[in-house]
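Only one chain comes next, encoded as structure tokens, the form predicted alone.
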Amino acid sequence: MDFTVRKFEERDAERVAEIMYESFKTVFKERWESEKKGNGDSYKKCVHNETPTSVTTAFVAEQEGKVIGFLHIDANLHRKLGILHSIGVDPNVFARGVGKAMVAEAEKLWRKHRMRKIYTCTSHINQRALAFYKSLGFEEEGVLKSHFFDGIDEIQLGKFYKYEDQ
């Protein structure tokens, strides 16, 4: 499968909203029906921003001019803590390397800024995401009970980086 990963641009926001809505709907099913897809305005804040203490950015995967994936991250330069906020892949291309390719781009940025740890979370019912994160070296660290939805726990995951000069 041929696709490219590039930095997110505001023009991608509407398509990203569609992808995120559809990909989360595959997990939350009828619970997600009450969620609003939105027009992408909330994703426009994900455009690259860098300050002396943090980097916020997002990536998209694109195939033949169409966005098929989205990843939003942070790098806290003071605490050396990377955060993977959200990732979504068009359900039509699940399990084809899109998510891994976007995370690989994020890892370039995290390693460039020498993050010591990366943090994320996923719902306990999202076994696909849990397996995905574990395949990337993340380990379970904790549970947030009934966090976003009543009865659905969030599994906290972390991954530590080591550097040759440490």
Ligand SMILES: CC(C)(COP(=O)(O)OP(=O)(O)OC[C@H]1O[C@@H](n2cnc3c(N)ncnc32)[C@H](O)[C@@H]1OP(=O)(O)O)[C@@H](O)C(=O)NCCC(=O)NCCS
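In case it trips you up, residue 1 is the first one in the sequence shown, and so on. Please read these numbers as outputs of a predicted model, since none were measured by experiment.
Absent from the display: the form predicted together with the ligand. The rest refers to it.
Annotation: in the predicted bound form, residues V16, G40 and T57 none come within 4.5 Å of the ligand through any heavy atom. In the predicted bound form, F132 approaches the ligand with a heavy atom inside 4.5 Å. Shown alone here, A75 lies farther than 4.5 Å from the ligand in the predicted bound form, counting heavy atoms only.
Put simply, K112 is far from the ligand in the predicted bound form: not one heavy atom of it is within 4.5 Å.
For V98, a non-hydrogen atom is located within 4.5 Å of the ligand in the predicted bound form, even though that partner is not displayed.
In plain terms, the part of the chain that comes close to the ligand in the predicted bound form, with a heavy atom within 4.5 Å, is 119 to 127 out of 104 to 112, 137 to 145, 41 to 49, 119 to 127. Scanning 67 to 92 for heavy atoms within 4.5 Å of the ligand in the predicted bound form gives I87, G88, V89 in sequence order.
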